[in-house]
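In structure tokens, the next block holds one chain alone, the form predicted alone.
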């Protein structure tokens, strides 16, 4: 304990033990385990960078996207027949914004569909089975917060009649959330408030869980990584694989065109001659409205989190240290008196990495065009844009 106290004092986090003497033995052991797992130097460095985290202005250039072809479809199908393809689904979030108490993937989409987001994604894999008679390995990234409930949900639903042995769960890494003074937030007297480390954390989590090693031993070469909230995620269309094979790309993405110049989305482009995603907050009005000779927007190809990676990229990505970015969030916390406080304004920093930051480590990535109404129906908000209603409307049109 003296060593632990010394570490906490060095990083001004002694408050983590404020209620230690009031805990039972199990709670004490849990808290000490949490403290031992924290990289306090990393946390300290991240907080000190908070005010200097805005990306420096870079030179932006547009990127070209391409139409799909039957040849791409056929090449991709052949790869699937060779059992070279796998799906990774990022599903570590909760359904709070949807008014759902539980993992987001367990949210049941109504409007005549009446299936969970997990089942809707599983249906995509069943579509591949219908074409190839092959069950694709499915790796689902959960969080410490929702892992057990996610597994129980799959067990309760008999894995949606998909082979249990083809589904593997693994957990995403987390970092403590910090208050505006850099103090780690406590969610209870024995627990720190943790936050998932963002979409970029998928690479290290695949390596730490030995899934990457399993993929290599199983001769998997192409891995689609996407989120759980897009119910039209195009994992069942082999053209993305064929597009990569034909053009010797190590990373390819399915993209759609911006609805209008001011749509708040990240778009593909070159940043200082390296491929990446330009976040909308760095796009000027001039860039948003810039058009070519055919009157098409120049910065138009949206990053929809529909990315395919060659296995070699995942190996390299697991060794990289991606940049963390702070996001100011509103979260409940324990005050000095041990009372749980629900704040009215944002009060805590959550640190995240982004999957698209790995793009800059290759010379080129391929963009394959898709139709918005066919591949992009996110379920993010309880109502309005990107809500269950808008997603269900698109889904029903595709199915019918």
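Residue numbers count along the first chain shown, from 1. Rigid core here is just the name for the largest C-alpha set that superposes within 1.5 Å across the two forms. Just so you know, these numbers come straight off a predicted model, no measurement behind them.
Keep in mind that the form predicted in complex with a small molecule is missing from the display, and what follows is about it.
Contact annotation for the candidate site: 66, 253 and 297 all lie away from the small molecule in the predicted bound form (no heavy atom within 4.5 Å). In the predicted bound form, residue 78 stays away from the small molecule, with no heavy atom inside 4.5 Å. Taking the partner from elsewhere, residue 137 is found to have every heavy atom lying beyond 4.5 Å of the small molecule in the predicted bound form.
When the small molecule is considered in the predicted bound form, residue 197 lines it closely, a heavy atom lying within 4.5 Å. The small molecule is not shown here, but in the predicted bound form it comes within 4.5 Å of a heavy atom of residue 305. Among 246, 189, 126, 97, the residue placing a heavy atom within 4.5 Å of the small molecule in the predicted bound form is 97. Of the residues 212, 231, 91, 223, just one reaches the small molecule in the predicted bound form with a heavy atom at 4.5 Å or closer; this is 91. Heavy atoms within 4.5 Å of the small molecule in the predicted bound form belong, among the stretches 335-343, 348-356, 35-43, 66-74, to residues of 348-356.
Comparing the forms between the shown form and the other one, the C-alpha position of residue 94 differs by 2 angstroms or more, with the core used for superposition. Annotation for residue 374: C-alpha shift under 2 angstroms between the shown form and the other one, rigid core superposed.
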